[in-house]
Ligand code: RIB
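One chain follows as structure tokens, the form predicted on its own.
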Amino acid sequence: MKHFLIDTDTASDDAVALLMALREPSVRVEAITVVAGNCPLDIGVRNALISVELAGTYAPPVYAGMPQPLLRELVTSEHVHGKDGLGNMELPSPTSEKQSDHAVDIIIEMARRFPGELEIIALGPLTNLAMAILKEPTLPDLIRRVYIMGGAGLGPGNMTPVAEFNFYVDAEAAHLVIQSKLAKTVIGWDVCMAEAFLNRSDIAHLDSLGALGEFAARTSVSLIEFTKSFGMDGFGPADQTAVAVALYPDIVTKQFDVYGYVEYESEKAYGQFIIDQLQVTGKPHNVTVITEIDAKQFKEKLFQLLS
């Protein structure tokens, strides 16, 4: 049994990603930690609790973490995910409540509880994880691997021409995590907008699967509208792709190890994930970058878990 901790800024794609992980019987989600990003922290916590209840399997504890980036003001994305983060579905409040402990402390506690076994899936800005590393410098030695949905990979950004949202919200935190000794895999926005892209036919199929599939389709309505600004009809399931890579490593068809870092000093390039493909820096590899996945297998897993 694999042990996971999911760190999330729970909006529409995060919520569906949580459903996927909670409904995969071969793994155990030990905790869900929430960070401010797509939504303000309180909304992200609410959406995480809603997702756990919708999954209908088991209820890992939910913890609130950092309410803002390390050094900057919080940038959110209600224009992408709706005011409630779930496509303006206005769902009833969850019946469960968050735990009182701080998410940063729980990341450290879970790493100590499952030394060398805990895997973290980071679906939002990396503020919680960066703070955990700062608080406990030995953390990288305790965690098996971190799967990070962030960066634009080999493609363009969605916040600036070069920066993807999660890294843009807190580039300082992202740089700290990428530069850490953690074993880490990055699934960039480019992969989510290519092989994993869900078109109208895919979305209609989701909508026909039952309550969870309908939820996945409805919560993505505002995300679909946002994606039209890129001239595309559908949406890139960013966090769902990252969770799928963590749950099913064999869906990866192309990846490479490389030295990478996140730019945080330049305003124009703030949040850019820079990949040293030609090894011009001479620095050792510190990250695995996913560039392609098996689209057919990804969609089959997505539909199966939400059926």
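What you see is a predicted model; the values in this text were computed from it and never measured. Position 1 is the first residue in the sequence shown; the rest follow in order.
Although not depicted, the form predicted in complex with alpha-D-ribofuranose (RIB) is the subject of the following passage.
The chain is drawn here without alpha-D-ribofuranose (RIB); in the predicted complex, the stretch among 198 to 206, 90 to 98, 137 to 145, 157 to 165 whose residues come within 4.5 Å of it by any heavy atom is 157 to 165. This chain lacks the partner; the member of Asn47, Asn38, Thr241, Thr33 within 4.5 angstroms of alpha-D-ribofuranose (RIB) in the predicted complex by a non-hydrogen atom is Asn38. Only one of the listed residues (Leu123, Leu86, Ala173, Ala103) places a non-hydrogen atom within 4.5 angstroms of alpha-D-ribofuranose (RIB) in the predicted complex, and that residue is Leu123. Of the heavy atoms in Phe215, none are within 4.5 Å of alpha-D-ribofuranose (RIB) in the predicted complex. In the predicted complex, at least one heavy atom of Met149 sits within 4.5 Å of alpha-D-ribofuranose (RIB). Contacts of stretch 1 to 33 with alpha-D-ribofuranose (RIB) in the predicted complex, defined by any heavy atom lying within 4.5 Å, are made by Asp9, Asp13, Asp14, listed in sequence order.
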